[in-house]
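Just one chain follows, in the form predicted on its own, and it is written as structure tokens.
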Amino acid sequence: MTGATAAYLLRRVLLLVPLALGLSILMFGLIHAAPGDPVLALLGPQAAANPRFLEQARANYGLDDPLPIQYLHWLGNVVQGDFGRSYAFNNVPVLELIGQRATATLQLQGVALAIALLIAVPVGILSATRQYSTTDNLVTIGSFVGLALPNFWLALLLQIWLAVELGWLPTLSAGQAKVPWPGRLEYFVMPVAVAALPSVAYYARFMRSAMLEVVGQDYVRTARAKGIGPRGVLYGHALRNALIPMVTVIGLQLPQILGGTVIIEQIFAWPGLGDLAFQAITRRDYPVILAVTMISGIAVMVASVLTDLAYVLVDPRVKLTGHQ
């Protein structure tokens, strides 16, 4: 890594601080502006009959202070690594809750992303090298179908078919953490399939387009004119350059991957961050919602920086200097 690249990455990392601060202000304001009372959600509607009890409960949670004071108090604790305690999950520290759930989400989405890339990249290359052939048409049709299928519908269909009718797989994944490996693998099949299918379709189409654009460049025609075989041209010259836009696409897809987790984890009862966020929202658990939002947002920002670094690894000609 050159000094200019290191300086560029340092500037990008330092820029994360004001971005994270702005995200925290925005999310704190939006969450508190949303309808609903966390105290009533926690204690139940019958608590509304005792206004003094409600006031005391709000005071105990610090919800009776003005909103700017609440934010500054929360931010001061976050800077010290304390995201508070959950209202709805038995007063458990928020970071402890997230730590318990993050591993499950990373496992699910990590496996789904790896499988999607392992399938999509070769399929996209095959489709591009056989343009307008039957194989190319089948890949195109399959990609459109994969993108058009709603993931919640596919999840329910797989549950009915593979779990209920055939009995091959467990319907829900809530108990998978108690099962030793490799018996736990069967709990991954349906959630991973639902999470990976849209990505396979999207990446395959994009890989095809990127490869078709690269193989039409002058340096590829020159390599062919020198007598280099088709495999040498494809893997030695075209593939690496075609992967550069794929890096951008993968980086841009990360927020959508996390958003899609909520639906998948709800349907399959997967004990991950998406399920935790959904429960926290329905219960008005402000500390958990803020923590999940902030950690997810910072993860996307960091992924953006890593995407820029990946450009240098894929193509050494790329220089990250921050200047045109």
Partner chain sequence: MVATAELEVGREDVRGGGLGRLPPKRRFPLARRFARNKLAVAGLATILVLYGAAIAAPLIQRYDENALSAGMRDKPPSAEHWLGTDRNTRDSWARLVVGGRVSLAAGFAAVAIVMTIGITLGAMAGFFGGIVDQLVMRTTDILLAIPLILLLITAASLFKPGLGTTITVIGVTSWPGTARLVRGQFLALKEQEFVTAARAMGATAPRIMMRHLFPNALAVIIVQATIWLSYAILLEASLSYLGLGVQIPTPSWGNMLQDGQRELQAGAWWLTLFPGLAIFLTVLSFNLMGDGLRDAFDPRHGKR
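Positions refer to the first chain, counted from 1. Here the structure is a predicted model, which is why all the values come from computation and not from measurement.
Another form exists, predicted together with the partner chain; not displayed. Remarks below refer to it.
Asks: Contact check in the predicted bound form: L75, N77 and V247 versus the partner chain, with a cutoff of 4.5 Å between any heavy atoms. Do all three pass?
Replies: No residue of the spot touches the partner chain in the predicted bound form.
Asks: Since the chain is shown here on its own, which stretch among 111 to 119, 216 to 224, 133 to 141, 232 to 240 would lie within 4.5 Å of the partner chain in the predicted bound form, judged by heavy atoms?
Replies: Contact criterion met by 133 to 141 only.
Asks: Within 4.5 Å, heavy atoms only: does L26 come near the partner chain in the predicted bound form?
Replies: Yes, contact at 4.5 Å.
Asks: Looking in the predicted bound form, any heavy atom of I69 within 4.5 Å of the partner chain?
Replies: No, I69 sits far enough from the partner chain in the predicted bound form that none of its heavy atoms falls within 4.5 Å.
Asks: So in the predicted bound form, is the partner chain close enough to I31 to count as touching (4.5 Å, heavy atoms)?
Replies: I31: contacts the partner chain in the predicted bound form.
Asks: Although the partner chain is absent from this view, report whether A277 comes within 4.5 Å of it in the predicted bound form, heavy atoms only.
Replies: Because a heavy atom of A277 falls inside 4.5 Å of the partner chain in the predicted bound form, the answer is yes.
Asks: Tell me, out of Q107, T129, Q100, Q159, which residue has a non-hydrogen atom within 4.5 angstroms of the partner chain in the predicted bound form.
Replies: After the contact test, the surviving option is Q159.
Asks: Heavy atom within 4.5 Å of the partner chain in the predicted bound form: which residues of 141 to 164 meet that condition, in order?
Replies: Residues within 4.5 Å: I141, F144, V145, A148, L149, P150, F152, W153, L156, L157, Q159, I160, V164.
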